[in-house]
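Heads up, the chain below is alone and in the form predicted alone; it's given as structure tokens.
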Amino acid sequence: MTSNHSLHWWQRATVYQIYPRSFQDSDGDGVGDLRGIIRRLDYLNDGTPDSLGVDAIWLCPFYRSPMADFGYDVADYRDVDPLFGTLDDFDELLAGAHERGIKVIIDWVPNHSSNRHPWFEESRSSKDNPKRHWYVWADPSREGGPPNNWRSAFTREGAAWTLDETTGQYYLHSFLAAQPDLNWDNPEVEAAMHDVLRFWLDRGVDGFRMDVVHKIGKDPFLRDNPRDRDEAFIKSTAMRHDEDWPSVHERLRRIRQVLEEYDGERAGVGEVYLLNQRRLVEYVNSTRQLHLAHNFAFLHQPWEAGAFHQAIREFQSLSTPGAWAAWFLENHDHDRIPTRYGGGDPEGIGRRRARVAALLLMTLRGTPFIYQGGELGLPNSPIPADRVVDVDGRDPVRTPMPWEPPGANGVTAAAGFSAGKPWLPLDPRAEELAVSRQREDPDSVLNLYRRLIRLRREEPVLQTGDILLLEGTEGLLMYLRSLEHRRFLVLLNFTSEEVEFRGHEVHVTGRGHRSMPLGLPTTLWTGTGTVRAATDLALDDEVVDTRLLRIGPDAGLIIELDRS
């Protein structure tokens, strides 16, 4: 059994994702910045129970960029865009975070740069330029169109190829035409990107979230994708040629070697957007590639206990003992939990299910990732047609954080985010959802997250403990976290009706890891347990009978079982 002390920081941590444009503005231009994040570090973790208590932050891109894709089109990998501040500001942010015990993960975009990066400007200047093959260029097809059938990830963009009139060749862009793909088959590109990592590692960052890192391996012969991209994407019955090519794994092993040139505690977190978990685990099973890979199959589950049960079970069955999961249910690219799972009622059912999701994320075996505002239960925000700015419809999940009720304490309508007009409109429910308002409500979503984060930090069983999935009660997602003689039972009601949990009727789905016994002692269900956390604050610390227990609609409990 792995001890809590042997876990790495990235296994123990609760990670908080920050979208800098929308977190906190410090200079009144309506756009969040690095100094704004510095201002809010105490909110994240000041060492007291009043803070959120997270252990690490992940910063979305803040590099120099034309902002065609809001920073994911990088024009200089080694500098801060003036919109966000300066390198000195970054160093101050890093130092301030470390003083508070907060690790800092930054976004690294290895698959593509901006078309205004000096590398690409040289590359497109002529076929003979020394940097020509730093990007993916190809002649037109025999029919005179793009070289193959690859499509941009952005539906509106269409083909993943753009003809460059200067040389008469097409260049590849997996996203916008302003984001040309780097050619990782060129060793010079790989070496240059490794040096980018070292630049930030030398400054003291604790790790990298690696944007669409599965795309740095592509078919060098540029062959067509299968006609049914979705089938290849999800079922993997046919291989895609524009991503997840076998070469990606050796490249990740070399990236891991760069990280390990330092103190052995710098983490690599991959955005591996594969919905097939069998392919996903190949990125983490060897312990020589990524430390963590975000599980998008988990993110895309419907709100059904059986669906999440199966997704968790499948990940367990495919994983080696050394693999570690990265769980999340929302980020800057996907609908927020209350909207996605609210059944058209984000402020009612959606808000309740956001609380259930909090219990789920904070009690699974693995590392939980929280997207800013998730701890407030923020839904998607309505965006007027004249304020839409994103090419892929992601504005509703990127609106500014509401810190204060609009108008409170002289604060402007921007709810404490900015003294100017925000780059995106604030959610109209900001007064109700604001941090300061939720701090005052003991039973708010914010205070639920604070309790759960603290519980996970204080209880090794919720970090390194084994997980055993249970079944036998329809509508309930049930599992046991176990470490030595301590057991935490997690019961999550995925229905909007009361459900009866009958402990003696529950049976084990399968073993979580080799160290877990095949069965459970019959005495497990004969005693009592104490509620350590619940979606309803009134149930905290209540002693319950584990043989017969009623779980309310859209509700959940974490019960520490009495020893028998």
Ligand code: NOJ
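Note that residue numbering follows the sequence shown and begins at 1. Please read all numbers here as calculations on a predicted model, not as lab measurements.
The form predicted in complex with 1-deoxynojirimycin (NOJ) exists for this protein as well; it is not shown, and the discussion that follows is about that form.
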Only one of 274 to 282, 366 to 374, 468 to 476, 209 to 217 gets a heavy atom within 4.5 Å of 1-deoxynojirimycin (NOJ) in the predicted complex; which is it?
209 to 217
If you check in the predicted complex, is residue 69 within 4.5 Å of 1-deoxynojirimycin (NOJ), heavy atoms only?
yes
Although the partner isn't part of this model, could you tell me whether residue 303 comes within 4.5 Å of 1-deoxynojirimycin (NOJ) in the predicted complex, counting any heavy atom of the residue?
no
Heavy atom of residue 333 within 4.5 Å of 1-deoxynojirimycin (NOJ) in the predicted complex
yes
Residue 418: heavy atom within 4.5 Å of 1-deoxynojirimycin (NOJ) in the predicted complex?
no
I need to confirm a contact call. Of 399, 179, 123, 493, which residue comes within 4.5 Å of 1-deoxynojirimycin (NOJ) in the predicted complex, counting heavy atoms only?
179
In the predicted complex, the one of 112, 481, 355, 117 near 1-deoxynojirimycin (NOJ) [non-hydrogen atom within 4.5 angstroms]
112
At a 4.5 angstroms cut-off on non-hydrogen atoms, which residues of 141 to 165 are near 1-deoxynojirimycin (NOJ) in the predicted complex? List them in order.
154
